[in-house]
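There is one chain below, alone, in structure tokens, taken in the form predicted alone.
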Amino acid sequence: MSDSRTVTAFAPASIGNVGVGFDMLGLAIAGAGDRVSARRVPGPGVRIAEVRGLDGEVHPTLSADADGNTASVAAAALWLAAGGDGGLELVVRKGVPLQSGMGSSAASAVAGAVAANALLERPLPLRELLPFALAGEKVASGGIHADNVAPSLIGGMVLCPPVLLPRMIALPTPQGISSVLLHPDLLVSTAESRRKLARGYSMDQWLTQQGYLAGFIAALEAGDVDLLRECLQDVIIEPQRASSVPCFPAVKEAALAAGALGSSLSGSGPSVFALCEDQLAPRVRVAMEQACRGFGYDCQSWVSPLNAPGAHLEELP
């Protein structure tokens, strides 16, 4: 074990489902993400030295238990499969709020896998890290779905149906369209939200949602903004989750009134996203923030291109 480097990986937050594609469609966002630093240490296994929060201080709730943190689970899965020499020590720096609907657990898992991969004698191609990042994400969500992990890993808009995993399909994105993501100061547990979803849907609901998803993908391919506006709809999942985010109807209405093409919950919420033409993004962002604060919730927001980059290594500060 001669490699004494410390490497740091950054993985961006993400929008899960993107409204039309429950568990199948995800979008990377710029400006928020998690960092994981890794170094080789003597002895086997992966351990976490510390977890720091958004304020730079030791995180008050996230455990440094290597068996329960998505970053260390993902890193350990890769290290074991690749036969890494010795062990790893990680430092996790959270930049994505917990239970935010922004792919917080996925960002940690992806950053953990990317950091560990950089210390292998023969690092794997980025796309081949997906199964290991998913192993980490499963700790938090209780299932295998890649709609946050995939865009956090490779960036942009990604189609990743569970039936096709580990295949990910990077979708083309029209020029001139941005995402606006608003995070209210609320918490929603993804695992709990998933347990509350209905298990049966009518044929009409299924056909309608399938049609919107197909139309949305076709709109991305053709750069058809009008079709994108028509198809950014969720008739199955959004109605079941809307009540868990009291400000959601007002935020969505404000986004649409400001000219957004469409708006929905990001993942299970509480974050809300909108897609809009670039020139309207500042107005849509302000409208969403004002609607959220009108309900008494503080909030943060980000504007991103649809082709925001995925995970990557960065220089230590």
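None of these values were measured; they are calculated from a predicted model. One-based numbering along the sequence shown.
Not on display, but discussed next: the form predicted together with a further copy of the same chain.
In short, of 123-131, 210-218, 82-90, 173-181 it is 210-218 that has heavy atoms within 4.5 Å of a further copy of the same chain in the predicted complex.
Note on the partner interface in the predicted complex: the residue among A118, L187, L197, I144 having a heavy atom within 4.5 angstroms of a further copy of the same chain is L197. Residue L159 is the only one of I154, A140, A135, L159 with a heavy atom lying within 4.5 Å of a further copy of the same chain in the predicted complex.
In the predicted complex, a further copy of the same chain stays beyond 4.5 Å of every heavy atom belonging to A76.
Residue contact with a further copy of the same chain in the predicted complex: W302 places no heavy atom within 4.5 Å of it. Mapping the unseen interface onto this chain, A9 falls outside it, with no heavy atom inside 4.5 Å of a further copy of the same chain in the predicted complex. A residue is said to contact a partner when one of its heavy atoms sits within 4.5 Å of a partner heavy atom; S243 fails this definition for a further copy of the same chain in the predicted complex, lying far away.
The partner is not shown here, but in the predicted complex the stretch 145-176 reaches within 4.5 angstroms of a further copy of the same chain through a heavy atom at L159, P161, V163, L164, R167, I169, L171.
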